[in-house]
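First, one chain by itself: the form predicted alone, in structure tokens.
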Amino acid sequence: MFSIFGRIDRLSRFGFGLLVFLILLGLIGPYLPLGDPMRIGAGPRLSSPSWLFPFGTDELGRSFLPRVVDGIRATFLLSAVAVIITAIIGTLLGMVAGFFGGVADQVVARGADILFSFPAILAGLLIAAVMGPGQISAIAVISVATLPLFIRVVRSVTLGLASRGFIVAAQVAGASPWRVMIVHILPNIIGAVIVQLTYALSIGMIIESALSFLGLGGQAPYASLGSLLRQGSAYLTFAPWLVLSSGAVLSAAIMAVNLTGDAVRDALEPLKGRSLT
């Protein structure tokens, strides 16, 4: 573990530390003395940041800091659930396409191209029209947007492994195709999957925030960073701290995820990682 971190540059370490801090803040936020995010009239309406209310208050007099902390947890959790589900499905489909080839490869690859052609916002409008706005719709949209990325990456890596000697030897020894994929191919592509998962998480957070900003994500009293941005945008001219605080936290979270993805990539590619430091 320490040798891996020794190959990571300082900026990536900062991103990893920031990501850990934000995740821990989101998880333990309800147990910290930050105030009740749902308490109406905790302070003056739309008051500016102060020692008592570091992020100010919203239009109902609720302290905005605990609401932002709730938003961190909601955005991370929803995006992570969607991306993990997508990673499992995309890895399976990518291995099937790359290993079997032929009709299976054509069907999976063309299906990924079709999904890739849909803009995330358009897919969100279509899914929300069918399923209604909410967290399930947001998970579906994130899955539709990130699934082609997983399929393409896993398919490409699997194609490069399918003709390797140890794969051919396993097939000659009588191993079934599924055993070959699970026992021999999956361990060799897991690094690429993890790297893609980190980048897909940042994409998922952007999509979730955009959907919530448009009112297609989680609904009140559910709070995410995107819904807090939408809430603050109505008072931007005389209470800009609502947008600035939630927007800054969202930007920091996405930056931290991307920097962590770079760190994971450099750790899995030592030569490339040393050339960048």
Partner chain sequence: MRDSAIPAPVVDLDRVVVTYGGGLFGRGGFQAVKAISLQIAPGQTVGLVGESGSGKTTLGRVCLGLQPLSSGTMRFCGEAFGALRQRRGQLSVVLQHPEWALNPRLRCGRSVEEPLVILGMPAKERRGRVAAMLENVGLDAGFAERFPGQLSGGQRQRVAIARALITEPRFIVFDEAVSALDVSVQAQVLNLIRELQDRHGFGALFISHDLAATRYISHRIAVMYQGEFVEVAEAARFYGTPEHPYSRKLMATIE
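Residue numbers count along the first chain shown, from 1. All values derive from a computational prediction rather than experimental measurement.
Keep in mind that the form predicted together with the partner chain is missing from the display, and what follows is about it.
Asks: Please pick, from 77, 84, 194, 183, the one residue with any non-hydrogen atom lying within 4.5 angstroms of the partner chain in the predicted bound form.
Replies: Going through each option in turn, the one that passes is 183.
Asks: Would you mind picking the one in 149, 139, 203, 170 that has a heavy atom within 4.5 Å of the partner chain in the predicted bound form?
Replies: The option sitting close enough to the partner is 170.
Asks: Tell me which of 158-166, 140-148, 84-92, 68-76 has residues with heavy atoms within 4.5 angstroms of the partner chain in the predicted bound form?
Replies: Answer to the contact question: 158-166.
Asks: Taking the shortest heavy atom distance, is residue 104 within 4.5 Å of the partner chain in the predicted bound form?
Replies: Because no heavy atom of residue 104 falls inside 4.5 Å of the partner chain in the predicted bound form, the answer is no.
Asks: In the predicted bound form, which residues of 172-203 put a heavy atom within 4.5 Å of the partner chain?
Replies: Counting only heavy atoms within 4.5 Å of the partner chain in the predicted bound form, the contacting residues of 172-203 are 172, 173, 174, 175, 176, 179, 183, 184, 187, 188.
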